[in-house]
Each structure stands twice: as structure tokens, then as C-alpha cells.
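Shown below, as C-alpha cells, is a lone chain in the form predicted alone; questions about how it binds or moves come after it.
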Amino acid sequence: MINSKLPKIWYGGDYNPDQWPREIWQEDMRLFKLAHIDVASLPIFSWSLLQPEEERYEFGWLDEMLDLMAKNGVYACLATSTATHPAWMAHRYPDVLRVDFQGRKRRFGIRHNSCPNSPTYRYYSRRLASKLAERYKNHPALVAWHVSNEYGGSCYCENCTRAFRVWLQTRYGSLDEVNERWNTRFWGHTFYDWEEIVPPNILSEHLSESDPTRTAFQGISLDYQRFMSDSLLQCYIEEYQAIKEHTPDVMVTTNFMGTYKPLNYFAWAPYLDIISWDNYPSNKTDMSTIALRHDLMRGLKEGQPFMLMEQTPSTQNWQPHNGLKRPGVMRLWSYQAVAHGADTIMFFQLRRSRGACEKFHGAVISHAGHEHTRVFRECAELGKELVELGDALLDSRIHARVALLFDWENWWALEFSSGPTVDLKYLPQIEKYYRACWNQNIPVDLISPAMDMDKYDIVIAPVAYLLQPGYAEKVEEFVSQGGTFLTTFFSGIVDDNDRAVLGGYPGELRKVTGIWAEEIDALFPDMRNAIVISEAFPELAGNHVVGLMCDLIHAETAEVVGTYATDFYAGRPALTRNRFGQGWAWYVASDPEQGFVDRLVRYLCSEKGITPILETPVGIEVTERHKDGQTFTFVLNHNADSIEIDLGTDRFRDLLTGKELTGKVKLGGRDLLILRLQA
């Protein structure tokens, strides 16, 4: 359970009382009670108030605020405030300031402005975290710790240069090994002294100021990406350790950002007691991509429930077009997070800021300052429902028989690659295969290459360009024991240092897939081909349009399921499957349209006896969470209009209304059901 002090779905969000006079604090407590707010994250960006001078700390205002919260039944997710260093620190210790991709030394400003390898920043951030933990370790309001905020960004300063060399020495041991891994004989890059190595940015290896993925040396840039993710992680770990010295039993987290490319969240996950993340889709975002990000956050700790740390109750301020959430959408999207494993619903922000860049970002309490607004009423109604749900859903889990491989290092390497096409991006491929499951209400886990595959029937690995050491052997073991593995074009191309494999693609996957790829054709945006599948596979038969890239493959031990329709490689294999031990390995040699991917995934699932939770019309999302032998079925209507669904012959009770339901029921637009099977 997330925390025994508050055994329910936490409801609250970011709170900035230091931006307001004390009379507002009292009013906020009144409004929090009306909205059933029970957790506030604070103080997120208050380092300059907590430490106004190098040797002076001021905790009095925070003491007062936490005491007021405890008195009013509001718990604290207590933040370390280290996401923005104070101006005095930047002025006195300029080593805390980052150097950007263009090689420019930053000045004090905005946020995420600290060099992660600055000894000054490390020292003072760790010290502040320790002082906060020591001071508030026994405070009755404390339920969790929130380290920094939305870690991200990169730095190319001298601190980072020195630290990068140390990181390389630890990883590779010798310069000879670095030269080998980076293939430095290309373009005369051989290094003879550690001091010769510099960070890859626009002043060294990169080719475009506007596109930081264009690099002359992919191996160098890939390692720097790993190093920077590790550097920021080390900042988090140092604060985590400082906190745990005083509060070993209080959980610690930091808020992630879903599919945020710069940080390898799978590498971070072991150091978080619980995963938390911030969900900010636009009104036009495909709902399956929101679901994917929830499932990715759940997958980071292999199915453990996560925290929805931030979402907006109404509008955002930083997207090109910031539309309001329509009536019912905030509630629906909140429950979507719960449906995918969240045990909290929290907002940014509880009271709307008066000035600066987030003054038009939505909040539970708007600039009007009272409860008589649509947004506040919706928040209060949701808060009341969560109180009534109690602990029924807490710590329930999602059971999936299908897994989707998600590999940050593969993502980095794929998009650093020089060719074959600028149009190949990692996320759209992941989203396409995830959407095929989502469209059919088939649960999916997102897993890393290091995770176990044994509990799944199907593992899908789109565009597995870079293979981690030992991964191919895991795939062979999985398939030989009866699993179904599917991978796609441009897979098995390079090793973990982005060096091309020799002997034919897909490299180490060649044996299990039973194919080898001779050439790769990159199609122009207006070009198309097709996969032709005969009636021998009636569930897949037809001509299916493909684009983007086409692998020209040879079937060795694989069975040819589909062939290309046109061009000089017409009739050559485009879709294959290979019997390997007790299982099958499939290879999709091009990029099909969504409709065919849906059909292919349905076929693979049917072969394994995996069926949709419910068959539903378009726009209806269905998930299940399980606890103590009970199954909770979430049915979410993302359509604006009412729609009829068929629950079959089982009898259910809707936890939100208490009604008993069976057979065909009408579900209102942007409404949902949480169903528990009745005996």
C-alpha cells in the first residue's frame, strides 16, 4: 500500500504557499476540505527562501505551513526544493551554471539550471535535503519525499568534461578499449590521453545546432547521453541517501515525464521507492499514447503501482494551443491513470500562480479565488468519489500476457544514426504496436531488455536497432520455451556501442528469426509498397500498404508469410515467421499501416488464447486491476457522446454508482464504470 497513514487514493497536488500571504493559507485549508484534497507537494521551488544565505537557513515559514496542514488533515509530500539553485549560489559559485549545447556558459535564470557534476551543487543540494529530513522526520504531516523536480537537460562544462573521462575509465578501463568501442580510427580520432576527450556538442562532434541528433560519432554521443543520464541520477541518489539517513521508512520519489528521451528511466527506477510522473497531453492527443505512458511508468518497477504526481485540472500554459479540458475530461483522464496502475491523482497546481510563466496554467483554485467555478466543482466531485472508494483499489495490479520492449539506449542510438532516413523515429513505432493492443483492450506491460520475459506469452520489440549484450540469448530462450517474439525492420543492426554487426542483419537475432537482411531501402515520404499475404493465412490475407523502410531479406529457416508487391524486390519476403524450439519468432520487414498491425497482433494473441477483456466500440478503453482474488474492470468512454456496450452475462456492481449491471448498458459521453464481478 502506498502509505498506511492515508489508506486511499491520494488526492492533491503541487502547492506554493510561499507565493501567498498567510491569510490565503487559511482560505486554502477551507477550500482543500471542500475539494477533499488530502496531500500537497511542497515546497518544490523554494531553495532561495529556505537558504537565503550560504550559512543561513530559514525553516520557520515551512514549520508554520506544515503545522497548519497537519491541523487540517492535509498530508505533505515534502520536496527538497533543489530543482533551482538560489541566485546567490550562481553569483558566488559559477561552477553551478551549465554550459549549453552551443558551448555557451549560462547565467542564473529559469530552472533546471544546475550543472549535475558541480561539486558546489552536489554539496549544497545534499545538505539541504539532509537538513529538511532531520527537521521534519517526525512531523505528523509527512507521508513522502519529492526530490528535486522533473530532472532533465544536459551540460558540457569543465565539471562534466572531467567527470565524463572518469565515467569512461570506470566503464571501459583503458583508452585502448575506448578507441575500440568508439571506432576512433575513422576520421583519425584515436585518443592517446584521457585529457584529449571532450564532450560531443556543436563545438566538437555534432553537425547541426538545430538538430542535436546529427553527430559524426554515434558511439561518443551515445556514451555522453548515458553519462548525462547517470550524472543526473547521481544527484538524485545523493539526496535520496541524505533523506534515508533520517527517514528510512518514508518513501522517496522524483517526478518523471513519461517518454522523456534524455533520461533512461529504467536505470533510475531501482533508486525510487515509488515511480511518479507528470501527465500533460493536449486535447488532441491520441488516448492510446497517454495509456502507453501510464503503462511505461508502471513497467519501470515491474508492475508496482505508481503516483500520478501532476496533471492539470483544466488548461496548460506551455503548449502552442492550450485548450480547456472539456467537462468530464479531467475526471475521465484521472481514472484512466488509475485504470493503468496509479494510486494517486494529483495536480499542478492547487492554487493558480499570480505571476510569471505559469500564471495561466490551470489550478484547482483559480484566480477567482473561490469554490464557485466549474473546475473547482469537478475537482470536488472527484475528490468525494475517491473518499467513497476508500482503499478498494489500492495496491491492485494489472496482469498482462503481452509485453512491449522499451529501450532508452536503443532510442538514443536509433536517432543518432546517420541514415537510412530522417523519418525513422522510435516512439511512433512503439506507439503503433502498443495501439494495436489498446484498440483491442488487450493489457500490455512495457519492459526493459534486462527484465524477465518468462511470464509473458508474447514479446514485441519494434525496431530493435541496438541489442543489449545478452538480449538475443534471452530471446532465444523465451522462444524455445514456447513464447512468441515479434521484431521489425532495422533490428539487430548494431551492438551497444553503435558498431554495425558483421555477418548480416539482424545480427544476433538472425538465428531465432531465421532470416538475414541484405539491403535496406529507405522510401521517400510519397512512396509506398505493400505486403501481399495469401489465403493460406486468412486472418491476415490481402495487400497491406507499407512505407518508410523496406528490409530486403532472405528466408533461411523462416517460413514466408507475406511478400513485397512492387519494385525490384517484388516477391521477396516481407513478413516471416520462424519455428524455434516450441515457439515462433516473427519478422516484419517494413512499416505497415495501423490496420494491418492491429490484425497481426490480434492473430498472434488468438494463437496464444489471449482475448480482449471486452469487445467494445471505437473510443472505449477497457482495463483490469486485480487484488485479493477480485477483478476491477475499468470501462472508459473517450467519446463525447453516449455509447452502448455489452457486458455479457456476468453481473457487476459499479463502484462509482453502486448500481448492478449486466448485458447491454449505455455509457455516457466521457463517463466511466469501475466494475466488480458479483458472485
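Numbering starts at 1 and runs along the sequence shown. For clarity, every value in this text was computed on a predicted model and none was experimentally measured.
Missing here is the form predicted in complex with a small molecule; even so, the following discussion is about that form.
Considering the small molecule in the model of the complex, the lone stretch of 88-96, 562-570, 590-598, 143-151 in range is 143-151 [heavy atom distance within 4.5 Å]. In summary, among the residues Tyr280, Trp516, Phe101, Phe580, the only one with a non-hydrogen atom within 4.5 Å of the small molecule in the model of the complex is Tyr280. Checked against the small molecule in the model of the complex, the residues Arg171, Arg127, Lys359, Arg111 give one hit for a heavy atom within 4.5 Å, which is Arg111. The closest non-hydrogen atom of Phe45 lies within 4.5 Å of the small molecule in the model of the complex. In the model of the complex, the small molecule sits beyond 4.5 Å of every heavy atom of Phe217. At least one heavy atom of Phe348 is located within 4.5 Å of the small molecule in the model of the complex. For the chain shown alone, Glu310 is a contact residue for the small molecule in the model of the complex, at least one non-hydrogen atom being within 4.5 angstroms. Within 4.5 Å of the small molecule in the model of the complex, a heavy atom is found for every one of Asp14, Asn255 and Trp318.
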